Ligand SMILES: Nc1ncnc2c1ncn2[C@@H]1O[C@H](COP(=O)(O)OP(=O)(O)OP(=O)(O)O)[C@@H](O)[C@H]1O
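First, one chain by itself: the form predicted alone, in structure tokens.
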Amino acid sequence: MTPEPTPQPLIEASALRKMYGPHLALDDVNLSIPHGATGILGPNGAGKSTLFKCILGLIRATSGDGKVLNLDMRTEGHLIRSKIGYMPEYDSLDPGLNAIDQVRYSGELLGMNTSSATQRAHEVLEYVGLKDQRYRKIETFSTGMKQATKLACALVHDPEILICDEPTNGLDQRARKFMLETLRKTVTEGGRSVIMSSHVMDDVQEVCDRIVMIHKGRIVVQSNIDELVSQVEEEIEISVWGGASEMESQLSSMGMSVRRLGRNMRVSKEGDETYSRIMEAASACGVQVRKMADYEPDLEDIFLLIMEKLGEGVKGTEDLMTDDHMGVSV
């Protein structure tokens, strides 16, 4: 039986380098993003904006090559951008328009005729949950409704790739859940690809199967999220009462690796005997263990561990990607 050909990557780059005068913004980036959903992570100034502007042909790379949907980023940027839908973080809507006119206008800007743009505007507004609000003015919309309208504008021309920058910003729990479900459905049912930048790691993990992490202009991680999680050291999470500092010291003195998070601690698991050793430590320093269970690592744990290894000392996701957004105009 003849093996099936390997699918062409969604986005690929080889030895991509970008200089701004003496400043090296991208340092020989080699990248391969498959079809599906991919999260783009990196601290402020990592090079995310420059990377996307290069591969979309908005700025010219100093050296190297790249393709999007097998189109050359150097010479076919206009074709690439016609196949991209972009949902920006910033407010890009006209408050005086109603939703249907805003989305139709977005379609016309992308080259659709008025009839096709109007029909698609009705379809995508229903898709994003705004069917009953489509004739309301955007200035009367909640934050969640505005975010949904921006998503509809990005989808109106049925793009092959959807780029979302902080799609859940300002949303309450219900609107956030609907947004993430809609993005995931765009991949699983719509057969499209999503590239998502967010400082909320739970959101990235909810939508994306893979991540690409950029640090100081270099790609430091590009991997399946499940594979990364499986490589994280196993830990036991405990919650103690009556002397957390003493418990931390006791565990350390017994040769166990411990990470302190207030009253909670995570202890490196070195076999099932670690449980009994934790209880020995609690007995020795007279504290109560209120909770003890295997800890399931998430994407934020992985991100912070990687940043720690890279010497950034980042303490939480609130320090990440707050000022450095993609800034892509398509």
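Sequential numbering from 1, following the sequence displayed. All of these numbers come straight from a predicted model, not from anything done at the bench. Only the largest set of C-alpha atoms that superpose within 1.5 Å between the two forms is called the rigid core.
A second form of this protein, the form predicted in complex with the named molecule, is not displayed here; the remarks below concern that form.
- At the 4.5 Å threshold, heavy atoms of P297 stay clear of the named molecule in the predicted complex, well away from it.
- For A25, a non-hydrogen atom is located within 4.5 Å of the named molecule in the predicted complex, even though that partner is not displayed.
- Proximity of N264 to the named molecule in the predicted complex falls outside the 4.5 Å heavy atom cutoff.
- Put simply, A46 is close to the named molecule in the predicted complex: some heavy atom of it is within 4.5 Å.
- Contact with the named molecule, judged by heavy atoms within 4.5 Å in the predicted complex, is confined among 268 to 276, 286 to 294, 29 to 37, 47 to 55 to 47 to 55.
- Between the options E166, E206, E235, E248, the residue in contact with the named molecule in the predicted complex by a heavy atom within 4.5 angstroms is E166.
- In summary, among the residues R210, H157, R176, H199, the only one with a non-hydrogen atom within 4.5 Å of the named molecule in the predicted complex is H199.
- After superposing the rigid core, the Cα of P34 is displaced by less than 2 Å between the shown form and the other one.
- Superposition on the rigid core between the shown form and the other one places the CA atom of V68 less than 2 Å from its counterpart.
- Core-superposed comparison between the shown form and the other one: the CA of L299 stays below a 2 Å shift.
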